[in-house]
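Quick heads-up: it's one chain on its own, the form predicted alone, in structure tokens.
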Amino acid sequence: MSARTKKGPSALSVFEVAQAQLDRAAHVLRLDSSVHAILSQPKNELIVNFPVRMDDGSYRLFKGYRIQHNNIMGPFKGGVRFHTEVHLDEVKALASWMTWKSALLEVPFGGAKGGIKFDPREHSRAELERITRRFTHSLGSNIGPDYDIPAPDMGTNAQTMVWMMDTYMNSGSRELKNAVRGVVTGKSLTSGGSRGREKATGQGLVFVLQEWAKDRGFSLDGATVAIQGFGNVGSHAARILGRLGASVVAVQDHTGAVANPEGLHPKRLAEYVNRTGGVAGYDHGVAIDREAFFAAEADIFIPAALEMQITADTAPLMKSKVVVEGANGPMDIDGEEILRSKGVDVLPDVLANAGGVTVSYFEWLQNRRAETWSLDDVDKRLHGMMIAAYRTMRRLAIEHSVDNRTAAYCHALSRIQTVYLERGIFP
């Protein structure tokens, strides 16, 4: 089985890559054929086309998606992204990865994903608010705090979630307004968010990386890091790793790539990206091309951008000891096989970036209980759940003689299968 990069014709689409990963674990686990069939496609696929008034008085039609993959373990759960590349196949793959992620971390959620196909950088704040609210209204009862719970993703943030929450609140009865605060997670603190949610994905990633380093006898103090994508996940991971003594030597995003063998200051680079929209032109690093970025001398590689970036073209260039998947689906089948043949460890997305959904669960709990947890409490709980999942993955990898991704899937699928076999298929 092979997959090519986005540069040329693709043998496998992103959803087909997700299916191949599922099939591999199902074979190892000897998953019940009926459960395998159910999990091979989303439960619901919702596409909405909705008009929004622009600032100049004209109207534009937007296409939005909400894919609900599975909810046997709990409410559908997954982010909403605003990006020009959002399409049905991608959102289906992302929704399925959310199902495995929740099951692996033993969070009582299922998997979903959503998005709108447009570039948020081309719109004013007022237009973004109208787009968000109109999309939320179009979704209607297809979301809800006990049914489907959106969260931030690429191109969205806490403000986006607050607009979604407020729109949903004002679409129902008055007496239930505060009871539905948990319809979304990733909100601002003042509107019901959780401490630690903004850094959660990057923090969880580092917790897993630290555990890997202990297993390998590898010191993060003095380690070098390359990061693809410097948004929420990449920038927070960089800052946390910097405090542990690691040095970020190369960063790439949609605007270009920069490198500095003596280290790029994570906080200053994040501030620059917030001002300018990307890493291009950062004057404390040297501009490099895409090939040079993947070939950077870095112990740790963190893909934290789009899917299918590590491929048959880019994997041979890489010199890292470990790849920690901050993004969802950042490598295709060929890329993963090449890294495996080179002895590169992979900490898969369903574990490495699961800090986001885990702290989203904490936020949802706090909303339901009308509680506010301290940052220390959130971090301790997150650490415990991430390390437990890492240990389970490693145990199964050794037990079944499989790679980390397949082992992580085996635990997730085993839990889901148990519930299906206990409950049966209605009617």
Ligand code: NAD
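Residue indices: 1-based, along the sequence shown. Keep in mind it's a predicted model, so treat the numbers as computed, not measured.
Keep in mind that the form predicted together with the named molecule is missing from the display, and what follows is about it.
This chain appears without its partner; in the predicted bound form, the one residue of 83, 321, 195, 134 with a heavy atom within 4.5 Å of the named molecule is 83. Residue in contact with the named molecule in the predicted bound form (any heavy atom within 4.5 Å), chosen from 333, 306, 280, 107: 306. Each of 155, 233 and 326 is positioned with at least one heavy atom within 4.5 Å of the named molecule in the predicted bound form. Stretch 146-154 is the answer when you ask which of 159-167, 146-154, 259-267, 211-219 has residues with heavy atoms within 4.5 Å of the named molecule in the predicted bound form.
Proximity of residue 96 to the named molecule in the predicted bound form falls outside the 4.5 Å heavy atom cutoff. In the predicted bound form, residue 203 stays away from the named molecule, with no heavy atom inside 4.5 Å. In the predicted bound form, the named molecule stays beyond 4.5 Å of every heavy atom belonging to residue 187. Residue 285 falls outside the set of residues with a heavy atom inside 4.5 Å of the named molecule in the predicted bound form.
Along 249-265, a non-hydrogen atom within 4.5 Å of the named molecule in the predicted bound form is carried by 252, 253, 254, in order along the sequence.
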